[in-house]
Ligand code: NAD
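We begin with a single chain expressed as structure tokens, specifically the form predicted on its own.
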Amino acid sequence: MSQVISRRELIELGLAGVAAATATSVSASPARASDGAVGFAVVGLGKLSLGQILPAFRTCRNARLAALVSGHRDKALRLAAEHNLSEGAVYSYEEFDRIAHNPEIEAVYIVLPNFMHAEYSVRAFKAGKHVLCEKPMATSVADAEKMIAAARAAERKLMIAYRCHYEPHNLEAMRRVRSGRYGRPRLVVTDMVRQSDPSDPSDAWRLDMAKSGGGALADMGIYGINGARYLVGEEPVEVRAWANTNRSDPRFRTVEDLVAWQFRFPSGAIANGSTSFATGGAMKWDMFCANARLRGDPGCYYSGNRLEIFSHPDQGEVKLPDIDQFAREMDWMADVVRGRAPLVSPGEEGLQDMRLIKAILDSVARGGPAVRTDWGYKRAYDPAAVVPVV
């Protein structure tokens, strides 16, 4: 098998393709959060939490680390000490519901395998906490709907961690497209692909349909599904999709490998998307408007993203700062909790992608016929209109 690379490693790569993965332990430097910052419990201490989320608290302004939830107590205690948390701020999954009695915890960040998102989100809402949940928000439409219902019943906020809604290069692309300066959107092409490794525990569950909800489509493809929607600024009314999967490859016993789809939007714009767990890595998009082309390559990494303009008088690279995307995302959630910011990435946004994943897989199962997707969903807020680029 060719050299494999995990999703986390892929999107940590720098511009030159050199790995920029963060260390698995984090600095003991305390967070620089402001007084009155929202306390978060991080639920799940895997690669993403260790490499990105816990370090991000060091630069958060309005969010602070208040607790850790893990099935590995020794690991959690070590990390708690590094982050100046007491032993009482460490919870196991079995005692998760005790967070209801900790007023320091106002929100939880669910960083668990997809099939656990619904259970722990619902339990967090029952404990009276707000929820920031990694994407995809669940493994089924039914579970996504259950999460939204639980948030409403608890009168708490549910935000899905679509970090590209808060990332400067993607925001600037949205803003420029909305301005009309490049003419109307015609075509979006997204390619989100990598090699998977079943010996990596973080990949093993992603190669299990019941645990991931869609293999590469749920893991990488969701960036293209959501990206096409926020770049065009519309919701697709129809999808067609196809797959090419080698069932003799032990990785693909229950999930598809290469999936390609086509969205049709109300304006007539088209989006072509692809994802795979058995190709060389890329996370990129191209946006073709009537009078220009915009490219994000890379477009969805944790750092080192680029935005370039072609076929237009202002062509060239758009220089924007690299930011800590996770810090900004958590700060936005904190501002939502405090009533200072609109909920840009609500549960309904995650539900729309869950429905689209299902529609894509339904089309694949039937050999590629069109599936109607005009469910009437409309974004409550356009990120381009309410989230500052920097």
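Numbering starts at 1 and follows the sequence shown. Treat the numbers as computed from the prediction; the structure is a model and nothing was measured.
This next part talks about the form predicted together with the named molecule, which is not shown.
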| query | Okay, which stretch from 263-271, 198-206, 78-86, 172-180 lines the named molecule in the predicted complex, with non-hydrogen atoms inside 4.5 Å? | reply | 198-206
| message | Test of understanding: in the predicted complex, would Asn114 fall inside 4.5 Å of the named molecule by heavy atoms? | response | yes
| Can any non-hydrogen atom of Asp191 be found within 4.5 angstroms of the named molecule in the predicted complex? | no
| task | Indicate whether Ala241 is a 4.5 Å heavy atom neighbour of the named molecule in the predicted complex. | result | no
| field | 4.5 angstroms heavy atom contact with the named molecule in the predicted complex for Tyr302 | value | yes
| query | Does the named molecule come within 4.5 Å of a heavy atom in each of Arg293, His312 and Tyr381 in the predicted complex? | reply | no
| remark: in the predicted complex, the residue from Ala107, Ile99, Ala161, Cys289 with a non-hydrogen atom within 4.5 Å of the named molecule is Ala161
| message | Looking at Tyr91, Tyr223, Tyr166, Tyr230 here, can you tell me which has any non-hydrogen atom within 4.5 angstroms of the named molecule in the predicted complex? | response | Tyr223
